[in-house]
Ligand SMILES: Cc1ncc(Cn2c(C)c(CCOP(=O)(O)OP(=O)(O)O)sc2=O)c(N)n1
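A single chain comes next, written as structure tokens; it is the form predicted on its own.
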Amino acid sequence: MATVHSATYQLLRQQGINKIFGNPGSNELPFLKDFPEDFEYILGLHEGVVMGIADGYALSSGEPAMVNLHAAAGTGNAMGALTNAWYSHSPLVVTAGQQARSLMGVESMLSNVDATQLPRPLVKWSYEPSWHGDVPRAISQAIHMATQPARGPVYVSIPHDDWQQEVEDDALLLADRDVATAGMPSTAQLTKLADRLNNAVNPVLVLGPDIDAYHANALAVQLAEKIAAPVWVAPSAPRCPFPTRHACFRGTLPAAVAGVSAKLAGHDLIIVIGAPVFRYHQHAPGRYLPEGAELVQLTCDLQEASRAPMGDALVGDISGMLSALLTATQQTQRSMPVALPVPAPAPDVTEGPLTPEIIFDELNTLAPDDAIYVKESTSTVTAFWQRVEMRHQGSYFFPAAGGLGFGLPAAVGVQLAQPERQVIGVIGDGSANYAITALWTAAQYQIPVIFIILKNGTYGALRWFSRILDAEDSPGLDVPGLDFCAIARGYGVEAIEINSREQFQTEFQNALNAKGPVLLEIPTTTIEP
């Protein structure tokens, strides 16, 4: 007879899952025992890093990633990273080892008390099988739950003495299951939307991360060109859904109610596709919609559709809805928008730290055309979007919930998923320390990420908020005395401090040719977000 262990690995194998991201404890060892040769275990030194690496891998590959955490403590360590995975619709199958069943009731060491409640509300589904025979079915359900729209993380707690228990051969049927979603609005609903769009005088598109996640970028470009509409990226978007040098591209919307309304003023119809309405951040009260505007949201996420404070919504397959809308929409006679001007080259610095704009200009010139940027320098978001051209699917990842500690591990995970493309992590010095041990994983597995640390000695975005909130005298806003080169070398990563534009050009080119990870530490000035 099969065991829980063998049936689960066969299930994972058939579902195309052959990497396990984890940091093991005693509760997890029975699952890892006799680890199959056709699987790979990716070790992180902290569960938050493990979750971040898996998150990057799942986001970039579009496939589910298996995470193995250590009981309640390991789950708690990973919760910060789980907030980003939840809001980015990352298909993570998160498992955690539980104490042996006979010891759970007395709350022995490493018991995960009320395990299913621990990760909520940051998972789509949370479960602990009531007996060992249900474990393979629970893992199967977790995989399908994680991957169906709207994608998202799920959680399964598994007692460690379940793995060697025998199960009926019927458990092997789980490996051959296929679950698919075929949800689409009706023809009448799509026709009604197309009529609204055809009759609009000045429509605008607001695009979000699910355009990129479901590979609908080209469809979005075709729709924008057909209706000659300006295109904004939704506030706080963790992905780039539209080419940033296209004539229709207007930039990213500010993450404030008043700011969004001001940017969209003058438009009579706002079509939001693949994004929540909206992910605000700064408290700047105002009207949700500009005068005379209507809004329609196309989303794969029922929760996002339900919680929006204004407008109508259609819930369905992002690519399918876009394709149908493109077919039903008439070619407009309006003129195409005029492309935004490319920023002038950043001036050279003769002494002192470089500006972030210099680094972004150089990246735009030197990086491969299909480079992937994992960005976690929150104070430089605007400058980056203005100066770095992105036009390929899957070119940009950012922490969806704003939880720091995403950048370094996510860059490792994205590079694992995309070995043919160069991944460049652009990380602030404040952000980097939340998950610095990701450097060890990059070194041990020789994952050739280029880590660029912009070191301005302060939490730049927080400095900006301190002025907005009249709290500039707050403590804890600066992070002096950090030596990232020394830290990186301690973890086995080649590292160089950069102090001039010419040195960056040389060392960045060397990093592109390296076989393993390289860290470039760059003292920089601070800029406004």
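We number the residues from 1 along the sequence you see. What you see is a predicted model, and the numbers here were worked out from it, not measured in a lab.
The same protein has a further form, the form predicted in complex with this ligand, not shown here; the description that follows concerns it.
- Mapping the unseen interface onto this chain, G394 falls outside it, with no heavy atom inside 4.5 Å of this ligand in the predicted bound form.
- When contacts are judged by a 4.5 Å heavy atom cut-off, S377 counts as touching this ligand in the predicted bound form.
- In the predicted bound form, E304 stays away from this ligand, with no heavy atom inside 4.5 Å.
- Remark: S90 does not count among the residues lining this ligand in the predicted bound form, judged by a heavy atom distance of 4.5 Å or less.
- Stretch-level contact check against this ligand in the predicted bound form with heavy atoms at 4.5 Å: of 422-430, 306-314, 243-251, 177-185, the positive one is 422-430.
- Contact with this ligand in the predicted bound form, judged by any heavy atom within 4.5 Å, is made by just one of A96, A275, L193, L404: L404.
- A heavy atom within 4.5 Å of this ligand in the predicted bound form is found for one listed residue only; from T441, T75, N456, T299, this is N456.
- In the predicted bound form, Y434 is the single residue of 432-454 with at least one heavy atom within 4.5 Å of this ligand.
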